[in-house]
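In structure tokens, the next block holds one chain alone, the form predicted alone.
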């Protein structure tokens, strides 16, 4: 399926792991609508691993939903999600077993794709565990890409191979709509920072049709859930969300959306940040930083409407002044133009600046501007 913009939604794994059931999914669907997430653009509700019985049906060969977790079956859950104006996603794996040791889709790809279509699935996350050593993952992702196309339903294909085997260089050829480019995220400052840094030189491969997926967001988890770890503060969550938006990554929430606080809700529904993430051209940013300066990221991004986005991220443990020289963005002083800035977090006027910008950024935090080219 051709995906023109990075998908937005919610995935159960980060917070709930195997603790999933139809009640949780239906409550989450209700919360996506009531909290304003749906109106903000979040449309996919994705059930991750652990939804099925431990073995396939011996007569049909199909994967069977766990009757204790999903007593009414998956079509019932799918229909409820669709009734709320949302789209429904599920999970499988290219191996014999999934990562949590449930039936995988290896050698059952076409049957499973038809089964997902029967459920009314709109999005498939496809993992990479327990793959036979003799099986080439490129072939297996192509196989599922072909199976989904033959299923009779448009299904977003989310390939999850954790960034192995230079995935960005070949995954588009498999029919995938997005591709996991990293290992699993954890709810720590170090995790999201390392993930973001690891993809800075690889974003040129991400574009409409097949987007770089840096994993589900931990924004709003505060140390709770399966990948709770130490948790992060609001400054780190601002930086994480803004980095994902500047990189045009999918925005798949991992917190419990039924109990978000106001700070989380305000951040993840920020219309200007989402506008940057969902820009139709999805161009990678230019990185403006000196050699070895790993404790800051300064990113400048061309947007499709003629504006630009500028993100200044202080990843250090101390408050700092971050400096951007406009010549490095492509704007020389001799051009006679300047940058007019608007803060995307609070809408405040950031002023008109020529040649350079110096901004004070607290530790772990960021400042992001909408930028217009003007003649002062």
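Being a predicted model, the structure only gives us computed values, none of them experimental. Numbering follows the first chain given and starts at 1.
The same protein also exists as the form predicted in complex with a small molecule; that form is not shown, yet it is the one meant from here on.
- Judged against the small molecule in the model of the complex with a 4.5 angstroms heavy atom cut-off, the residues 297, 313 and 364 are out of contact without exception.
- Stretch 98-106 is the contacting one of 258-266, 98-106, 170-178, 188-196, since its residues have non-hydrogen atoms within 4.5 Å of the small molecule in the model of the complex.
- Proximity of residue 16 to the small molecule in the model of the complex falls outside the 4.5 Å heavy atom cutoff.
- Looking at residue 184, you'd find a heavy atom of it within 4.5 angstroms of the small molecule in the model of the complex.
- In the model of the complex, at least one heavy atom of residue 162 sits within 4.5 Å of the small molecule.
- Contact check for residue 253: every heavy atom lies farther than 4.5 Å from the small molecule in the model of the complex.
- With the partner omitted from this view, the residue of 241, 116, 211, 91 that lies near the small molecule in the model of the complex is 91 [heavy atom within 4.5 Å].
- For the candidate set 249, 144, 219, 216, a heavy atom within 4.5 Å of the small molecule in the model of the complex is found for exactly one residue, namely 216.
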